[in-house]
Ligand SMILES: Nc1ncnc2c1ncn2[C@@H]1O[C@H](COP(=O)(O)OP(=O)(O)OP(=O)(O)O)[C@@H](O)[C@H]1O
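Below, in structure tokens: the form predicted on its own, a single chain.
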């Protein structure tokens, strides 16, 4: 059961004060946005923050290559190879079909790795590929619920990314919208030839959220939020 009193830091400067200190512990959270909005950076930043707070993490990806991710994240000072050798981080490159098999088996390799490093944070990047395995909204929802139940069983705070490309609320998959505990939208919008980055908290259970879209920047330390700067598209 989700503990509404305990929070875990998102790892993103400027974001935690907007959501009462971070994600609810053992909750399942969705980061949605188009290509280039910073979803993977956000996800890794969340895991690195966990490592700093003695909460090892597991990163499951359907699309990213390990060597490339490790190389790209060094740009922000995140040495994932070092964390892996220390037993604080696990990188799992799966196909969506393999994750479907995990649901059937009730955990499999993922559960083994979570228990091995005593993981407290789990990222799935991205859930979009997984949902595409299922033909209709009902089976998508059932599969999503099975996956969420596994994450809850593992006592992990979960974060999933989604390749949604519209700023409209309706683009969030029906399988995800009502089941996740929070939805955060990332934007990278072009206006008059200039692209602007922003973040919006669409929902977060048990939390009073700000009704505004705030500035987001990606610098040499990762993603940073400026909650005082409101972005109007």
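Remember, it's a predicted structure, so these values are computed and weren't measured experimentally. Residue numbers count along the first chain shown, from 1.
If you look for the form predicted together with the named molecule, you will not find it shown, but the lines that follow are about it.
Peer 1: Considering non-hydrogen atoms and a 4.5 Å limit, does the named molecule approach residue 29 in the predicted complex?
Peer 2: No.
Peer 1: Does the 4.5 Å heavy atom contact test between residue 51 and the named molecule in the predicted complex come out positive?
Peer 2: Residue 51: no, not in contact with the named molecule in the predicted complex.
Peer 1: Could you confirm whether residue 55 comes within 4.5 Å of the named molecule in the predicted complex, counting heavy atoms only?
Peer 2: So residue 55 does not count as contacting the named molecule.
Peer 1: Is residue 41 near the named molecule? Define near as a heavy atom within 4.5 Å, in the predicted complex.
Peer 2: It does: once the named molecule is placed as it appears in the predicted complex, residue 41 has a heavy atom within 4.5 Å of it.
Peer 1: Considering the named molecule in the predicted complex, which of 83, 91, 76, 154 comes within 4.5 Å of it through any heavy atom?
Peer 2: Only one option qualifies, and that one is 76.
Peer 1: If contact means a heavy atom within 4.5 Å, which one of 146-154, 94-102, 68-76, 111-119 is the stretch that engages the named molecule in the predicted complex?
Peer 2: That would be stretch 68-76.
Peer 1: Using a 4.5 Å heavy atom cutoff, which residues in 9-39 contact the named molecule in the predicted complex? It's fine if the answer is none.
Peer 2: The stretch touches the partner through 34, 35, 36, 37, 38, 39.
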